[in-house]
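Two separate entries follow, structure 1 and structure 2, each one form of the same protein chain as structure tokens.
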Structure 1
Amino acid sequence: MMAKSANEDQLFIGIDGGGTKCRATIYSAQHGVLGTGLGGPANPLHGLERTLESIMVSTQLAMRDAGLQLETIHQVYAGLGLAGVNLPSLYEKITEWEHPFKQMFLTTDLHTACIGAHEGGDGAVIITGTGSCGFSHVKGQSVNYGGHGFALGDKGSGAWMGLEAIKAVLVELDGLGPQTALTQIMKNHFNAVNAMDIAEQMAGQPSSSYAKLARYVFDAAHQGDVIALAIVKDGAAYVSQLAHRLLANNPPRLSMIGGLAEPLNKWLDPEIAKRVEMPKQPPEMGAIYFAQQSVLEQDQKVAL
């Protein structure tokens, strides 16, 4: 008997929730990608209600884009990749949600990013955007490193670079530390005369505000600024170490994802840089593969 999930026209939706947006993709084995939708923030750590709303918005837009009637959603298998669901309490809350799908399969955004990057196969990913973390999935074993959040973790990320830059600038403006080209750059950026002007504008800002400053650090590093170089090298050294740690799990492939993947590349340990391969598919496709695999496993159990 053929597994139900192997129906070529079975519909799947892959959903990738993130801190700023939520992406949904409708797919069938027969027709490939049928439609996509974009919703608002969907990080359950920052609000469960908002996350579920963004998931529904992106789902409805994707259904419309695919030319499907909204009630068809009850026949669609959903794969969801969301931050924070490695915490059992959050995982439970979301599985308790009265979702409209035929069935919902939930995992972390890291897991779906990894499955996507390696087109359903084993592998490892490093994500360096606003935050930073590493994940590998090899022979059924998932492990992750980093991703502990802004200020106490996420070294090598955009937010970390922005924070380190601000720290160096404030120290110089107080006459307590070495000169850096970043000081003039930040004074211009913040239209600031003194350290307090900058400190006031950055106080209580979220990590995304710090991440926006990362490009200045790369610019100054390329121009040879010693402080900026030290920040970039320190961040890249951490990311390289993260990569070595992941490679110790023997993933067949390693990809880097996120806004800093490209600018960081030239600063990585050369051994690591040459191991990094392009992600094959985006995380929302990873969420689709995850749903497909989950349906298949489930059907195999039923068939036994």
Structure 2
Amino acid sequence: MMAKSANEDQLFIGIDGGGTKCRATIYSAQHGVLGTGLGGPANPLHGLERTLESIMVSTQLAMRDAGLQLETIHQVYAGLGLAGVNLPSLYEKITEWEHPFKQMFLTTDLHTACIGAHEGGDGAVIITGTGSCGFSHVKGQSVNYGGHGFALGDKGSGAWMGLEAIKAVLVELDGLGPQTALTQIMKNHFNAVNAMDIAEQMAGQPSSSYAKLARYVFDAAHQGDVIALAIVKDGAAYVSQLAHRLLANNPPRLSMIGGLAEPLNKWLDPEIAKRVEMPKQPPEMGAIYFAQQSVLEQDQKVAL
């Protein structure tokens, strides 16, 4: 259940930031969700300034959507769940930010996703979006697996699938690998004639650019393309293995969140697919819950 603040009129904002987008939700215990906003990528691993900009864009849009003056942000408690802040150096950089909120409570996107998915109860969650990672919280103990970032890890994610697809296409175009329907699809997508055209356009691109290509991999897999099928099955096998690892901690619930959660489901181990339950709340609400709980704990310490 969502925590109640001492003042039900108190405003909270929950922010969920990942490699592709940043979502913000304004909430009060009395009136519920008041407004939402959507910004760009918000993984500080891929750019601190861009992350802070995306947070502010999504925040301002949520404030406007709620019909609130932008100056009101100074009265709002913020819960932030961001990708990348599992790395101590990035966590420190975000906490040093001179933010506009009344107070800011920072944690990982995994943590807030888990809180939201199970409304504060114990459970496990797998994020399969631009990146991939797993997290469980059971009886006060939290563990996470994966989340090492693109391109060191994130297997089974959109960025990983896009990268694997590009690699397969470039090998075929050089005459060094098997044919795949992905080649013509990517040539059309990039308006490219040869491998160098594609390589040049993707040089230095962030994970979000690769993640946008994942839909082509699923499309080709559904059409029976051997290479695309191998990519999807390999990614699904990793996610299934990740789920088994999380379930070893005996969480009462398991949810999957992210753009690939639904398309990947049919490729998972049947045993895992049956265990996956819909999240009760989105990650932004998990971030709000985290902020509410943090304020309550703060107030209780003061009372003592």
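Counting starts at 1 with the first residue of structure 1 and goes up one by one along its sequence. Here the structure is a predicted model, which means the values were calculated and not measured. Superpose the two forms; the largest set of C-alphas matching within 1.5 Å is the rigid core.
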Matching structure (the form predicted on its own), either 1 or 2: 2
Selected hinge residue, from His118, Ala214, Leu182, Gly146, for two rigid parts turning between the two structures: His118
Rotational displacement of the minor rigid part between the two structures [degrees]: 14
Glu71: CA movement between the two structures [superposed on rigid core, Å]: 8.0
Distance the CA of Ala291 travels between the two structures [rigid core superposed, Å]: 3.7
